[in-house]
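Let's start with one chain on its own, the form predicted on its own, as structure tokens.
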Amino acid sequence: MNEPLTLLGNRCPETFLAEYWQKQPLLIRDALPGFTSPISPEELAGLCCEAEVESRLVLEQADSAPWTVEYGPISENRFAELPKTHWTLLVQECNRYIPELAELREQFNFIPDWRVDDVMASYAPRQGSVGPHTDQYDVFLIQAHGTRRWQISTDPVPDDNFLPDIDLCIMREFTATTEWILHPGDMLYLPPGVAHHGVALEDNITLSVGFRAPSHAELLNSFAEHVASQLTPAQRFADPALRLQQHPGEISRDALTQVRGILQKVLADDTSIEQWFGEFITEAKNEHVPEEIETLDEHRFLQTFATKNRLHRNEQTRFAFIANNTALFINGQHYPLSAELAFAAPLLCDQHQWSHAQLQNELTQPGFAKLLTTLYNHAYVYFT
């Protein structure tokens, strides 16, 4: 397995965040010296055949439909039909299935966990590509196998410079301003909106660590649904001080002031906003129904933990916390914590595994063993 290494070369995380994050691209040669891909083309092909795995097959064609996208699950027989060049297989959330990729994801902990989305793996034979395109989120592109030529352009991209009727933001016209060839272990960081075009020079695997960037529309829609779910039918617009109007068709300033007040009251409720956002941002990307597990009571959980010795966070879950109101959020669920149990939030969110010896003191604290038992019974953590 590849050893954990500093990904940013000679730059400290503070320098990277101040000078590059969401500001400008950065190429880091040998970010992972000696890196070898923890996933093979055959494993990727096997994953995309599974119904629960999100995957896409992108083909470049020289006809009236230059680009086509096929969505998984993809039949095993489909690969025998593919040409030798000019296609790409994309598999999302590979960190859920490959432990080494889960560990790789942890090396990006200089970015808040709730911002990290997943590790996508792409395989392409020679000349494979998904076209020149833009993403609306930050991405680190890690060369895992083979070589790939990356071209980027930091020029603004007009809204009309995209091909219609295809579920990819492929540009009509693209002129590169910078070009590199990446070898295994090299890494390229791209801020949102930077146009880029990667072409495989040989059989090739690229790992993409992407970040969550919900649109304003998503935030507003989700928050509105959250607020609405908390209201009762009795909470309605009312105007007991209604005055006679000259024009019955006019919406009065008094009415608008009252409506504005209703909305401002909602937006002034910090507790409600914090609870909603914690739940929203930790929702699982793809709903996963865990295999049936034996439900344990607190006593049995502690016995098993002492025997198994190690507890792991399920890679398919999202953990986050808000310190001031001692709130723990896991997969869209809110777990309020008492002041005495507040220590559990950073302990569970900042680490991905714990030994029994490491938690011996914490297990004696009121409520902690019960909390861990609850998380185990929901398959958020598991023993090895």
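Values in this document were obtained by computation on a predicted structure and should not be read as measured data. From 1 onward, residues are counted along the sequence shown.
The form predicted in complex with a small molecule is left out here; the points below concern that form.
Contact stretch among 308 to 316, 176 to 184, 221 to 229, 134 to 142 - heavy atom within 4.5 Å of the small molecule in the predicted complex: Stretch with heavy atoms near the partner: 134 to 142.
Exercise: Q92 in contact with the small molecule in the predicted complex, heavy atom 4.5 Å: Because no heavy atom of Q92 falls inside 4.5 Å of the small molecule in the predicted complex, the answer is no.
Non-hydrogen atom contact H196 with the small molecule in the predicted complex at 4.5 angstroms: Although the small molecule is absent here, H196 would touch it in the predicted complex, with heavy atoms inside 4.5 Å.
4.5 angstroms heavy atom contact with the small molecule in the predicted complex for Q275: Flag for Q275 set to no.
Residue contact check: A102 to the small molecule in the predicted complex, 4.5 Å heavy atom: So A102 does not count as contacting the small molecule.
Residue (of V130, V116, I74, L188) lying close to the small molecule in the predicted complex, criterion heavy atoms within 4.5 Å: Only one listed residue qualifies here, and that residue is V130.
Interface residue in the predicted complex among F301, W150, F211, Y97, criterion: non-hydrogen atom within 4.5 angstroms of the small molecule: Contact with the small molecule in the predicted complex is made by W150 alone.
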